[in-house]
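One chain comes next, on its own, written out as structure tokens in the form predicted on its own.
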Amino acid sequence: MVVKVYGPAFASPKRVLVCLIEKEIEFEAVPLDLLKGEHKDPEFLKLQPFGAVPVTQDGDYVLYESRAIIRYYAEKYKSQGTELLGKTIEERGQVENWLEVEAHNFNPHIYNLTLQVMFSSKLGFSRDENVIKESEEKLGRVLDIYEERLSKSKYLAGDFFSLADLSHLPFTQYLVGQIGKEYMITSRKHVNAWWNDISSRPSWQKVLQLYPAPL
């Protein structure tokens, strides 16, 4: 069964796409333009009642939270492709730990930067420089913690690439690209080495080539 992934141009669906490529799972990308309000279409809301992306549709089985989706497919297809969950229960614990860090400590600040810098004019609200400054400062403090962690291990969960690293790819790509704050990565030796490593993976390069950002 081919997995349908809705909204491939946007960041969170790219989290899913890179996971599916790493796991060698066949998928079909279904374009959805959030800037035109297509996520509020009644037919789409039947799949995702909150009107957001991504959504995956695997036959009759539907999921719509990106981190839940990548956990599900990494577990369901654990025996094929890249091992993304760790090989022991201790490694799995670290993967889950850093996935939670990404969701609750890293993502809120980088999401605010993305919204303010990239999408404010498209979504019809004024760019708030105070929010940008505060988000940048808070993200910097998070990245200082990452720098310490990555001075001790090659990847966030240990010496193996995992969902914890993969989950950072889409929004960090915005940070070093359209947001124009690459210095936040390059000024931290170990974070920079980690980013250069994970962002050069063939799976991520394929996602960027096939599904360019909407802006």
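Quick note: we count residues from 1 along the sequence shown, nothing fancier. A quick note: this is a predicted structure, and the numbers were derived from the prediction, not measured.
Another form exists, predicted in complex with another copy of the chain; not displayed. Remarks below refer to it.
The putative spot formed by Q178, W195 and L208 is not touched by another copy of the chain in the model of the complex; no residue has a non-hydrogen atom within 4.5 angstroms of it. Segments offered: 23-31, 169-177, 183-191, 62-70. Contacting another copy of the chain in the model of the complex at heavy atom distances within 4.5 Å is 62-70. Not displayed here, another copy of the chain is kept clear of V131 by more than 4.5 Å at the level of heavy atoms in the model of the complex. The shortest heavy atom separation between L115 and another copy of the chain in the model of the complex exceeds 4.5 Å. In the model of the complex, another copy of the chain stays beyond 4.5 Å of every heavy atom belonging to E83. Proximity of G37 to another copy of the chain in the model of the complex: non-hydrogen atoms within 4.5 Å are absent; the residue sits far from the partner. With contact defined as any non-hydrogen atom lying within 4.5 angstroms of another copy of the chain in the model of the complex, the contacting residues in 131-165 are V142, I145, Y146, given in sequence order.
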